[in-house]
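Consider the single chain below, provided in structure tokens and representing the form predicted on its own.
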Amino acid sequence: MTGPAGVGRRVAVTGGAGFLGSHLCDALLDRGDRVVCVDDLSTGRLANVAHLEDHPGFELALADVARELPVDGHVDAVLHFASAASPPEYLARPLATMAAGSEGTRLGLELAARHGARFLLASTSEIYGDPALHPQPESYWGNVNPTGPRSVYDEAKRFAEALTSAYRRTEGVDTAIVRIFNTYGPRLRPGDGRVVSNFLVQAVEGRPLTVYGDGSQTRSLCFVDDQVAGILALLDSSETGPLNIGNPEEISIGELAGLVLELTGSASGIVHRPLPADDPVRRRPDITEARRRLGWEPVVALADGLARTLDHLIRQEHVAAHPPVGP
């Protein structure tokens, strides 16, 4: 990778107007890198990068990365984050999701190859499926239904990992793979289907919190600032991965609902719905390798991260202007 971190390297970020991608754009610019954000706004939003419009180091290219990657000039790194990420989004866009993981990954790898750039693939904990091993280390091959409804995302990411690894072995491209576990924070879109935004919006609006199944299934939730720090640590290293980046603290969905109700002061009840097909029962990263190889681990406590996410939702008027229902 040309030049040390934070001294004006030029970085292409596909999906840069999305939730996680936009936070990466911020962090790269803050440390002195230049950013080319590529997004077709199918799930990303201009509002996520509007504050960067006049930044001298920021460029925005509107394009579907499965069709083209219009990045002119030299780049030092390519971060491939373009994909629908929440279940309702990728279930509504199955073919586009698979295209982003296949052809989008190939075009990103070709761009990196042309410039001798480092390529970082955003993979996911979903490649582990409904894991039979807990917590999940990178050496675990997963328990995935390859033809179920969620497979359009799971298998797209698994293929992207295989393609990235093949380019490294056969073409000599400098690659890295990050497996991202559940991430939350400001800029999560209300109603996007992720549990944190769903619960916060429902609680603030006084609607029942929707819990799928009996609420005993678990997730491990990583605040976006911690996630970005881990991703950049991997980018700046010589590690290839795959490396798990996530929070190893596990919480049940039922416990999370109670925490949200306490945080918001809402008197909302809880309504149970059937579990979606292939929904994982437990999800928790083993981050031994990230600690050892990158010196990284999350530092933001869940209660603090939820409060910061709620504050953003309210300040940005992302939820209906109803006061929390409660005493």
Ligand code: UDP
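Since the model is a prediction, treat every value here as computed from it, not as a measurement. Don't overthink the numbering: it's just position in the shown sequence, from 1.
The following text describes the form predicted in complex with uridine-5'-diphosphate (UDP), which does not appear among the structures shown.
Contact with uridine-5'-diphosphate (UDP) in the model of the complex, defined as a heavy atom within 4.5 Å, is made by none of Ser139, Ala229 and Asp286. Looking at 242 to 250, 188 to 196, 165 to 173, 93 to 101, the stretch with residues near uridine-5'-diphosphate (UDP) in the model of the complex, meaning non-hydrogen atoms within 4.5 angstroms, turns out to be 188 to 196. This chain is displayed alone, yet in the model of the complex one of Arg150, Arg158, Arg106, His115 has a heavy atom within 4.5 Å of uridine-5'-diphosphate (UDP); that residue is Arg150. Contact with uridine-5'-diphosphate (UDP) in the model of the complex, judged by any heavy atom within 4.5 Å, is made by just one of Leu263, Leu275, Ala27, Ala47: Leu275.
Though the partner is left out of this view, Val211 does reach within 4.5 Å of uridine-5'-diphosphate (UDP) in the model of the complex, counting heavy atoms only. Using a 4.5 Å cutoff between non-hydrogen atoms, Asp279 counts as a contact of uridine-5'-diphosphate (UDP) in the model of the complex. uridine-5'-diphosphate (UDP) in the model of the complex is not approached by Pro135, whose heavy atoms all lie more than 4.5 angstroms from it. Shown alone here, Pro87 lies within 4.5 Å of uridine-5'-diphosphate (UDP) in the model of the complex, counting heavy atoms only. Contacts between stretch 109 to 138 and uridine-5'-diphosphate (UDP), counted in the model of the complex as any heavy atom lying within 4.5 Å, involve Glu126 alone.
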